[in-house]
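Shown here is one chain on its own, the form predicted on its own, set out as structure tokens.
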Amino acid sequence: MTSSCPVLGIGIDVTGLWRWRSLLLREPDVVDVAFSEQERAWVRGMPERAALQWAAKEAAVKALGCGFGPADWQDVVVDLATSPPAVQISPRLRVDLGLRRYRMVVRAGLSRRTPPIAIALAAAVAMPPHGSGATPAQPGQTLPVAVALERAPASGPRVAVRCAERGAAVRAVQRGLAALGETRPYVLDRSPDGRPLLQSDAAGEAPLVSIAHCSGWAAAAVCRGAVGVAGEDPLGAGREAA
């Protein structure tokens, strides 16, 4: 993606495969509620694919800045059967969000870590209006984003686990900032609507940030206007659940 097309938002999500194995055993009908017909055709009841599909949808709605709630589960459809994945946003949600010309980019894959997790990264990019003279983003261009993963305790009292996961997410954000070469000090805060944001007393525009934590892992994606991809690639060679 070119810097002439602003990134509206980024989203990252992680989910444990064991969670989806357990969920599909307890509530096999969950796929009918959470996924569209198109998504179910790709998932085919496989826990690994269900985890990837859910992570991709979560990352997409985070990138749109709304999350599930304002967006119904089937307002955003991510087709992981295509390469790159195609994203469809319902007309109702586009109107609610004020989206005119935009492009969504999603990548999802299984990590090689233990325990294995599904991780997805998404970005929403504003496309220039027709006749503006600006250069639109091209499919072959890359997103300037750094991604980092941190371990967190997966067992213990629920409150302690959540606190540890949030601490791991903060560490992941700092690693992402370092990977982008960002030397200004930032504090991870929350916007009034609950979204994570970076704040600093230093001058300049703060990078975009998204965090997620689940199953003993915390992930952070940090994005600013530099061209290229920086930092750790948690997906390795790409999607492994073929």
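Note that the structure is a prediction, hence the values are computed from the model and not measured. Don't overthink the numbering: it's just position in the shown sequence, from 1.
This next part talks about the form predicted together with a small molecule, which is not shown.
Interface residue remark: residue 213 is counted as part of the site for the small molecule in the predicted bound form, having a heavy atom within 4.5 Å. A residue is said to contact a partner when one of its heavy atoms sits within 4.5 Å of a partner heavy atom; residue 39 fails this definition for the small molecule in the predicted bound form, lying far away. The shortest heavy atom separation between residue 205 and the small molecule in the predicted bound form exceeds 4.5 Å. In the predicted bound form, residue 47 stays away from the small molecule, with no heavy atom inside 4.5 Å.
Just one listed stretch, out of 39-47, 55-63, 22-30, 177-185, contacts the small molecule in the predicted bound form at the 4.5 Å heavy atom level, and that stretch is 55-63. Out of the listed residues 151, 92, 100, 166, 166 is the one that sits within 4.5 Å of the small molecule in the predicted bound form by at least one heavy atom.
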